[in-house]
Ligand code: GLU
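Just the one chain here, laid out as structure tokens, in the form predicted on its own.
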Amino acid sequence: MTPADYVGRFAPSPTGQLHFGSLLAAMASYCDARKAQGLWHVRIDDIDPPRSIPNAPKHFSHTLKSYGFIWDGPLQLQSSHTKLYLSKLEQLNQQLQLFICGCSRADLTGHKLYPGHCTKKHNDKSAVAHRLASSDRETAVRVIVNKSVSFTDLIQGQQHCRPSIDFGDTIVLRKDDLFSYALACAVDDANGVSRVVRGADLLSSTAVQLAIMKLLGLNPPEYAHIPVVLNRDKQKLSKQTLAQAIDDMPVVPTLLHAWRLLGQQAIDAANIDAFWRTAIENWELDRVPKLSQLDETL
């Protein structure tokens, strides 16, 4: 991949402040893009307003800048792409790949994957079109995903996922009229992004996103999923596990700690600028470990 072709991105969801796990994903993505002399964008995946913290774009921008990240172009917001997502759903409907689903939580209890209660409705293109144009709070829209997906992750290796075991017919428009993460991320990442470097907790989402891209005739990016970091209770860092915001951490020591957990060769830096100069020059994706790591300092 030439520098002119490389486009990376960091795309946090604004459901809480950026924490150490967020920093690892941002650092890996940033170093990988800058080492290749490519572009790096920041996109806020704000398609779920009820779960978003107030002023997340402004807050995230301030935090990333305080850690020395410099991105190309303006900060992107998924919430500004809703017309594009709707057009892709209309395309899938024309291809008879969508169906209306009225299943409740009780209907799906005990099922790891969607059991197919409403799949027989998928030939009703006019009904789906009506649902896409309405605000029916009683039904969702699912996409039919019935083919296996294989891809090579640049860190985790070869992946082979089967719809009957690993994923099923997936929601693309929720009952509350919000677009699903699977659809929005698939459409956005296939829109000019060449490599997605993100946490391995999202590895299971990749197959469905690739399936949606294929149905839409979109070009998929490469993927590299870094291992997640676990706290002393062996829980993945997240808002739910009360992960500490990196705003409250000393910047340079925290950058150096993240660098070490990414498996990179030891470096030293007295300030933020020195860290990034050295880190980008010495970045090696091949050194990133595969497995989740326990960090008892967190």
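Please read these numbers as outputs of a predicted model, since none were measured by experiment. Numbers for residues come from their place in the sequence shown, where the first is 1.
Separately, the form predicted together with the ligand exists; it is not shown, and the next lines address it.
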query: Candidate spot 88, 172 and 174, all three touching the ligand in the predicted bound form (heavy atom, 4.5 Å); finding: no
query: Any non-hydrogen atom of residue 131 within 4.5 angstroms of the ligand in the predicted bound form; finding: no
query: Partner contact for residue 181 in the predicted bound form: the ligand, 4.5 angstroms, heavy atom; finding: yes
query: Exercise: residue 21 in contact with the ligand in the predicted bound form, heavy atom 4.5 Å; finding: no
query: Interface membership of residue 13, the ligand in the predicted bound form, 4.5 Å heavy atom rule; finding: yes
query: Which of 132-140, 93-101, 79-87, 197-205 lines the interface with the ligand in the predicted bound form (heavy atom within 4.5 Å); finding: 197-205
query: Contact set, 35-56 vs the ligand in the predicted bound form - heavy atom within 4.5 angstroms; finding: 45
